[in-house]
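Given next, in structure tokens, is a single chain: the form predicted alone.
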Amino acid sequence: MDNSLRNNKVLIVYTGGTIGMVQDENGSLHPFAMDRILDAVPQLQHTNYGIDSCQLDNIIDSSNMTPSFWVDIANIIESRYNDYDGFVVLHGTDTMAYTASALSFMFQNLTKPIVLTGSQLPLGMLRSDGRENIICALEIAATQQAVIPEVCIFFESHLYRGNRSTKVSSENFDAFNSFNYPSLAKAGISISYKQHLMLPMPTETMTVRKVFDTRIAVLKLFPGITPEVVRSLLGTPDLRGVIIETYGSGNAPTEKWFIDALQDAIDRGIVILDVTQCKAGAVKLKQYAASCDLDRIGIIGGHDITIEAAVTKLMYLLGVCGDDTATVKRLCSTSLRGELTA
């Protein structure tokens, strides 16, 4: 164990998820309390740094994650921010990338690591990947070897920027990847940090903004999509923002009905963000003729942002900017926390 960790303190925030689940009589998995998680990882009793833990009032399967839980997590970390050197959030894998992205936008001028991790198999199972994930995430959160002023995801030996990550497998232990940005660290015999890839240490005071506007929708394009489907989604009452998952580098149908439907939504004040369906690569409006009309009518190019980061960022911007649509549009294509390459 690295002696440089001595006297550092890390807080574990348990939200639920596979890592802390047991099977019921029907074979379905349900989360259990934090004390049983600590009992399942006895190695944590022999660290050179202090570990405290707490859990949400309601621990959940991450499929039930909502912005109100993001606020609960942020409240815990904010209230204890000065007491710890880092934070580890135990979280279900299904929506982990959404939570990591949301937290990254909420914490402005973050100066300490917030590391999310979990597992594909519960800790109670012999082959669980949870033990190694927890142990490494804690060591990273406590480290003095690197400056990590970021919200990250640690999974299967890799540390990723949280708002660049996406879940790629429900079967394999390497369940996450970051296709458009390299990993920040790699855990082997030692943990190798890539300091040059991490965000710079802020010089201003850390603040937390906990306002989300969930009046958004995601429109995923597919060959044969009908006018009725598009108009129905864009006509959702009180809708304020839409993310279009387009083809390739931001391409979409060029039929008049489709462009007119988008134009009408924009005229009604709806912010529309173009995100590629591809896991790797970026939106480049006007690269092909099939995206020229989108650029002409005011669709915003999302560059290489993930869908998880796009959803949480749009909710966040609509929440903090209120009716200032011009600012929302400008910031959608601006990197706030390293979530895109502009």
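Residue numbers here begin at 1 and follow the sequence given. Here the structure is a predicted model, which is why all the values come from computation and not from measurement.
Omitted from view is the form predicted in complex with a small molecule, to which the following refers.
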Just one of G130, P113, G250, G92 has a heavy atom within 4.5 Å of the small molecule in the predicted bound form. Which one? G92
Thinking of M21, D61 and Q120 as one candidate spot, does the small molecule come within 4.5 Å of a heavy atom in every one of them in the predicted bound form? yes
Stretch in contact, per heavy atom within 4.5 angstroms of the small molecule in the predicted bound form, of 142 to 150, 198 to 206, 92 to 100, 260 to 268: 92 to 100
